[in-house]
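Here you get one chain, nothing else, as structure tokens; it is the form predicted alone.
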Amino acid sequence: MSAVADKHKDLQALGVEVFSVSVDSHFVHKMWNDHELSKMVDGGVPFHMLSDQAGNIGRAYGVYDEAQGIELRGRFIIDPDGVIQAMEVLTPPVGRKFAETVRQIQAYQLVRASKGTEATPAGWMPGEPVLKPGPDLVGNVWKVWKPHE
């Protein structure tokens, strides 16, 4: 949460809207923000923290643990059409790398803007070459994508 809050302006610059969701009440969210997150990030969390006490959102996204009544930590990249393009669910002791989230968003945005005429290979970074899907690429990816260069 604090890493996303700290880099929220970077996400806004990409046109991304951020929401956090948990089974905690809005009172718990406020206390957490006021007494911990605001000490980690100037001004605290600048996006909506949604309460899903019944677990309905968590169930819809497959992260609600019925036995424990909790939601697993997940990250979902949802496109403007409401389609999940990426999801990542990690065990609580393992943190995410924010830069990878930004890289994936940039890749999805590039592919969407190209209307599928471009694809990003594994490890792609903004400004690097992209692939041009089509019959000519089949069996020839090795000629245009050099992951070790």
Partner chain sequence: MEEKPQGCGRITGAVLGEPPPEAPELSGTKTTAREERMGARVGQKAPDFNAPAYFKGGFTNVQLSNSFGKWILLCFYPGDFTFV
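Numbering follows the first chain given and starts at 1. Keep in mind the model is a prediction, meaning the values are calculated, not measured.
Below, we turn to the form predicted in complex with its partner chain, even though it does not appear here.
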item: Its partner chain contact at T101 in the predicted bound form, heavy atom, 4.5 Å; value: yes
item: Any non-hydrogen atom of M1 within 4.5 angstroms of its partner chain in the predicted bound form; value: yes
item: Its partner chain contact in the predicted bound form: E36, any heavy atom under 4.5 Å; value: yes
item: Touches its partner chain in the predicted bound form: S114 (any heavy atom, 4.5 Å); value: no
item: Site test, G123, P133 and K146 vs its partner chain in the predicted bound form, non-hydrogen atom cutoff 4.5 Å; value: no
item: Residues from 77 to 99 in contact with its partner chain (non-hydrogen atom within 4.5 Å) in the predicted bound form; value: I77, I78, D79, P80, D81, G82, V83, I84, Q85, A86, M87, P92, P93, V94, G95, R96
